[in-house]
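Let's start with one chain on its own, the form predicted on its own, as structure tokens.
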Amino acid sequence: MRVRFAPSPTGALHIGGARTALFNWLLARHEGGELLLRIEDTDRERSTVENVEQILDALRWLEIDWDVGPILQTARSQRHGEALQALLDAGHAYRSGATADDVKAFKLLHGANRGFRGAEEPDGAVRLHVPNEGATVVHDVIRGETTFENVHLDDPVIARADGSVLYNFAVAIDDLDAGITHVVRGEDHLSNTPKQLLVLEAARAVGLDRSGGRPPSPLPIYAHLPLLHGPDGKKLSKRHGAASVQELRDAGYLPAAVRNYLALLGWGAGDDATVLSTDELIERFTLERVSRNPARFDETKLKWLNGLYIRNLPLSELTQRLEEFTGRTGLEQAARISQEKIHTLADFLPLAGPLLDGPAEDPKARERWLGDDGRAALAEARGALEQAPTFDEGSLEQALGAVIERRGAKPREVYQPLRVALTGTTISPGIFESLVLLGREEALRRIDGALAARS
């Protein structure tokens, strides 16, 4: 088996493209086959070196590797020209000066379902001869068999008048030469498939599949993946949240969690399993389990899943990832007390940052919790913390528990004023863990500052 991922470098790798790459990768690894990476850069105006690097960077971050490539499609222009000339010489293609208006007039005369056939002219664009009889059949693992009667198909333009080939011709020749056995791509390419199959059939007829003494190549098996929608059922776009792999990375998601979630968009493991390691995904993945119905990308669900992955990370790995993400060092203790509360790496600093950098400014929190009653509870808590025999979590829980009992208070009536004094906000890691992280001296200093300030 040999599959390929063939993005166009006209922008960042969006989530739909990442899922296509992942499905090809999982299929190749499951079958012990090869994954070829081809950069389809024939759109000269929008294809840039920077966009190519963005795609490669996204694939590396997702930890999707490839066996062959990256191959630039533009680097194969000589081969495309040779293949085009072979079809012209054999009469499978012809030059035609027909315009869009000519095609429209033909349809008006013969009916919309009659395929356009152009007149041969020496200097026009190159069209492929479509047989007048028979049918072009697309065998799709996901969608079943679709038959296109040739009489309904136009002779497609496969090259411009200057000889530069068009997308469908280049893709077909590249797939042929690479020995691609399975074409797994998005549903938006479904309409291209009959045209590419017609090019492949013509290329095989003139022996292009036997270049270099190779045995004849069979036609690829196709699998067109369902569209991705947002939670509202509409086509996925930036309004639904992150739209590209880089945005997911910058939002603090883990590659393994993203792989897990993307794999479940349109594919099922067969037993409703949600959390699957990459090894399990490889072991279970087959195209037969891909649905033909649109899949829904819901970043809320991805965040939930990412939280599970974060909580299952060894502390050393979480610390390393947080330090790389934030550009800071020495975060192990803060990582430990935050691990159960964060869903993404980006959640870490909003949660633990006030412990590391000093209390945040939250006037509403001060007004809510540092009024007369709150300040009285805070003062009593300060005394207990100062007198605590040791400054560990167990001793601090016991000392503050005694304050709650003496005051006949609810726990939050002591803990929240203390939390606001320590962090400036009402949300933080656990109060005992936060105190230990700060240490007795710094904790008392912050409490004194809160008591001295106006409420």
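This one's a predicted model, so the numbers in the text were calculated from it and none came from an experiment. The first residue of the sequence shown is number 1, and the count goes up from there. For clarity, a rigid core is taken as the largest C-alpha set superposing within 1.5 Å between two forms.
One more form of this protein exists, namely the form predicted in complex with the RNA; it is left out here, but the text below deals with it.
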{"property": "4.5 Å heavy atom contact, residue 340 to the RNA in the model of the complex", "result": "yes"}
{"property": "Residue 411: touches the RNA in the model of the complex, heavy atom cutoff 4.5 angstroms", "result": "yes"}
{"property": "Distance check, residue 148 to the RNA in the model of the complex, heavy atom within 4.5 Å", "result": "yes"}
{"property": "Contact label in the model of the complex: residue 43 to the RNA, heavy atom within 4.5 Å", "result": "yes"}
{"property": "Full three-residue contact with the RNA in the model of the complex, heavy atom 4.5 Å, for 52, 82 and 322", "result": "no"}
{"property": "The RNA in the model of the complex: contacting segment from 95 to 103, 370 to 378, 250 to 258, 201 to 209, heavy atom within 4.5 Å", "result": "95 to 103"}
{"property": "Position in contact with the RNA when the complex is considered in the model of the complex, options 189, 139, 382, 336, heavy atoms within 4.5 Å", "result": "189"}
{"property": "Among the candidates 182, 284, 296, 129, the residue which, in the model of the complex, approaches the RNA to within 4.5 Å (heavy atoms)", "result": "296"}
{"property": "Within 4.5 Å of the RNA in the model of the complex: residues from 257 to 271 (heavy atom criterion)", "result": "264, 265, 266, 267, 268, 270"}
{"property": "Core-superposed C-alpha of residue 286 shifting 2 Å or more between the shown form and the other one", "result": "no"}
{"property": "Rigid core fit then residue 336 CA moved by 2 Å or more between the shown form and the other one", "result": "no"}
{"property": "Core superposition between the shown form and the other one, C-alpha change of residue 230 at least 2 Å", "result": "yes"}
